[in-house]
Ligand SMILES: C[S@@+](CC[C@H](N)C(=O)[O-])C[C@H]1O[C@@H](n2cnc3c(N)ncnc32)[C@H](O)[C@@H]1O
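Presented below, as structure tokens, is a lone chain in the form predicted alone.
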């Protein structure tokens, strides 16, 4: 057995967007499957499903030996296999099981770390006991409601709130910018929040009928923060060019009228990496690619 710590980080690409991650990292070493390795990249890497923060390579002789090493480091290990599937399944059987069932919302994430591992060949395991995503392999499934919300976009918001380990409490004031057809407003109203839904077109009638929902027919980006007053949360799933969203967010930050933000960065064509880096540099915030995101990213800023 030979355990070799690796300098740097291992990046697990979002399927279909490997070329974006490759462009961000510069000249990463491609390890196979979704994995890229960089010994010295320290900037924001946005197009990833997960980042392994303390990677190591384990050269092992037997399945039992590989499982024993992982168990000795911590409990929670999620496999992300792209080769050696049968051998990987045998190692997984010897590790503590993870709950893979769809989760209810809201669900408070445990604080325990989530590790990840894969096999590079028959006797080489790549792993990290610490990773950026709290979800196994960067993947989370929720119990879906096929009747209440008007679209599946609500799953993005549920994932973002669970990832932040915080969500609106009953009575808290929320702005839902670009609210139509109402999926995010549905989530917030279900939590008991007071929702100001702003869009040029109204959400569905059944969403507007929910207690605590008030609709304003307006372009959300031309409303000044002072027009709405202090808020507990600002949400945006508006389809717009990223620079316009960035400018709008900066106005809210400068106003000091809200501390919690979850905003989708919609992309058209090739991403504008310079603007995305500007989002990542906003004080107190971070940019992530959620499991339920598609050709888009999400900017999160949550008050301590």
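Positions refer to the first chain, counted from 1. Because the structure is predicted, anything quoted here is derived from the model rather than measured.
Just so it is clear, the following notes concern the form predicted together with the named molecule, a form of the same protein that is not shown.
- Only one of 219, 232, 144, 194 lies close to the named molecule in the predicted bound form, with a heavy atom inside 4.5 Å, and it is 219.
- Taking a 4.5 Å heavy atom cutoff to the named molecule in the predicted bound form, the contact residue among 45, 70, 258, 238 is 238.
- Only one listed stretch (75 to 83, 177 to 185, 97 to 105, 116 to 124) carries heavy atoms within 4.5 Å of the named molecule in the predicted bound form, and that stretch is 177 to 185.
- The closest non-hydrogen atom of residue 201 lies within 4.5 Å of the named molecule in the predicted bound form.
- At a distance threshold of 4.5 angstroms between non-hydrogen atoms, residue 49 is out of contact with the named molecule in the predicted bound form.
- When contacts are judged by a 4.5 Å heavy atom cut-off, residue 139 does not count as touching the named molecule in the predicted bound form.
- By the criterion of a heavy atom within 4.5 Å, residue 208 is excluded from the residues contacting the named molecule in the predicted bound form.
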